[in-house]
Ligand SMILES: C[S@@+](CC[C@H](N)C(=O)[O-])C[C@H]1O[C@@H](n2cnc3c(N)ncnc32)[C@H](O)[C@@H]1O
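One chain comes next, on its own, written as structure tokens: the form predicted alone.
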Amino acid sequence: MSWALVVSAPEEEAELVASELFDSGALGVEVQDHSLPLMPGTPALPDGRARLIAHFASREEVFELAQLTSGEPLEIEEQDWSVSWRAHHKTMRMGPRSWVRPPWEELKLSPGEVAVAIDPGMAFGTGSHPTTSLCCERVDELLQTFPGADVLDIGTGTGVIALIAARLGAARVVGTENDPVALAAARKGAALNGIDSVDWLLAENPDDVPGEFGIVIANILLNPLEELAVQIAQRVAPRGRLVLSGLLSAQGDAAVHAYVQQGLRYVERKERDGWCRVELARD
């Protein structure tokens, strides 16, 4: 038998909690939220909550973390989670020209298409969450409209958005993180894909990033989006676009309001599975 820890978290914090569980030694973390269908027999999720099942090598690790997280220890049949969890991670289309795939899957691309390999065991941001997929989709579309634009990815996670932008020919790509563990994962992801053109910066504040960008992506939570509105808006070049996500559908208007106050113009919003992406422009 082996052991897992079952933890409940607000949906908007699930991927952050998953990253923390990896930092605590988890071999793999399954995230169950309302954006994905549950396996038959799985208990229903409470409204607004996600369930995380983190698999560990030892009983002691699980019970120690249970005391800290109010999680529930779970004894399960022994299996190789480094292999069996792969069944839950498949190649996904992200935009009109872009795909994300796990490293063990091969993909035949059509002319003009690109793919990025992301290891689901690294950290937050495999592309499966609606906010990540919405941002990947839009950066693909915007780089069709503005080929060769500079791209800034704030809160880059595993770097999937930045790596797609690099693959699609962005002239300059910068990915920032305030979490050194996530930034290390992004660098590993870049190495996995043979991409050395992205600048990875450990930055608490967008003011730490020099220059302006034709496309700025910020897939973070509403509170930091509001708190950093002045600094993020300053990174958007004239005639540039700002794409915001990490937002529940009910939070989209608040995000738009914060950036209209900074002189940006509302362009559009798109929703997916209870989450949304909003876009603004600098004229």
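So that there is no doubt, residue numbering starts at 1 and follows the sequence shown. Rigid core: the largest C-alpha set superposing within 1.5 Å between the two forms. Only a predicted model underlies this, so the values are computations on that prediction, with no experimental measurement involved.
Only in words, not in the display: the form predicted together with the ligand, which the text now covers.
> Consider residue 176 of the chain shown here, and say whether it contacts the ligand in the model of the complex, taking contact as heavy atoms within 4.5 Å.
Although the ligand is absent here, residue 176 would touch it in the model of the complex, with heavy atoms inside 4.5 Å.
> Is residue 182 close enough to the ligand in the model of the complex to count, meaning some heavy atom within 4.5 Å?
Flag for residue 182 set to yes.
> Within 4.5 Å, heavy atoms only: does residue 268 come near the ligand in the model of the complex?
Close contact is absent here: in the model of the complex, residue 268 is far from the ligand, nothing within 4.5 Å, heavy atoms only.
> In the model of the complex, is there a heavy atom of the ligand that lies within 4.5 Å of any heavy atom of residue 74, even though the partner is absent here?
Heavy-atom contact with the ligand at 4.5 Å: absent for residue 74.
> Go through 220, 53, 256, 229 and name the one with a heavy atom inside 4.5 Å of the ligand in the model of the complex.
Spelling it out, the residue with a heavy atom inside the cut-off is 220.
> Which of these stretches, 102 to 110, 165 to 173, 196 to 204, 143 to 151, has heavy atoms within 4.5 Å of the ligand in the model of the complex?
Going through the listed ranges, the match is 196 to 204.
> Does the distance between the two CA positions of residue 16 reach 2 Å or more between this form and the one not shown, the core being superposed?
The answer is yes, as the C-alpha of residue 16 shifts between this form and the one not shown by 2 Å or more after core alignment.
> Note whether the distance between the C-alpha atoms of residue 24 and residue 220 decreases (closer) or increases (farther) in the model of the complex, against the displayed form; the change is 3 Å or more.
Residue 24 and residue 220 sit closer together in the model of the complex.
> Are residue 16 and residue 175 closer or farther apart at their Cα atoms in the model of the complex than shown, with the shift being 3 Å or more?
Result: farther.
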